[in-house]
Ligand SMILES: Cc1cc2nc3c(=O)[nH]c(=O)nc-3n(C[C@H](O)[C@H](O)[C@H](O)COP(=O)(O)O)c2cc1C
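Below you'll find only one chain, the form predicted on its own, shown as structure tokens.
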């Protein structure tokens, strides 16, 4: 089984998962996902991270083929999430003398997940490990996106092994390095991955970016998705922008609708936005579109407008769910508008009014509340809401 050589004596030994339907049992994987691992051959041979235990057989065969009878001296564990640490116990059984490199928090999890407490080599921030022609350095990156996360840097090949940072959804369909593939599908998936997996931890990402800015990095090896080289600066810039919650000029409209009346309201707002010069408009039916795609657009665009019918004297359940997911991620600095509908008792608008206060967001216009069907007064209010959002986005007075 031929493995890809990323640089001299640096090999890709990851695997593709096109079987799993949901990542973390939450987020759809229509194009699969990769679990990336890397093997460095030197005076001491080093494996960086492992893969999901479901793929351990393929993974171990790749390692054995490259080692070709040589020893495996070190396993560096940058991240203990089970999709990357799941094969550690089997690896240790195959290579009982391998030393496991990690920080104190790594080893606490290693004991909890695998019962492994011996053969450990602890490193701290900025420590190095000499493996021959390379002196690997370690850089802690807590809460990107688990507490034990660290990055490993190879100065010889100017390569950063970045754990989940800069990762994407999507299996690797032949190419491993970005220059060898059509990168367009991964551009959207890195946003969806960030919004759903990393999104809450913007301040931690900023600290990590400041830390690695001191390194001369020409290649980034993440644990998911392409190896970044040709598009490295694009991936880093995206993480920088998203971790600062800096939205593009555009609007995400999210609505729930049982019989189409609230949907009509959403369409009026969308028409108004377009007529007032906004081109980037994403409209999501919360009952049909998965939350992962909605959250990706909320991270992408500066404006957010939410519409809900009253449902049993509460918000529409799926609207309440998406609000919870946004709140968990502590999305900052959005322009907000909202509308609602009801048949005999209006509650949705009142419930929605608390959300921008909770998030400390700017409300661009008064909400619109519709009783039963769409009437001219509601139409005018919805049109005004769209115009107010457009004006706020482009800075019109």
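Numbering follows the first chain given and starts at 1. None of the values given here were measured: they were computed from a predicted structure.
There is another form of the same protein, the form predicted together with the named molecule; it is not shown, and what comes next is about it.
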Contact segment among 188-196, 153-161, 282-290, 260-268, judged by heavy atoms lying within 4.5 Å of the named molecule in the model of the complex
260-268
Classify residue 310 as contacting or not contacting the named molecule in the model of the complex by the rule of any non-hydrogen atom within 4.5 angstroms, answering yes or no.
yes
Does the named molecule get within 4.5 angstroms of any non-hydrogen atom of residue 345 in the model of the complex?
yes
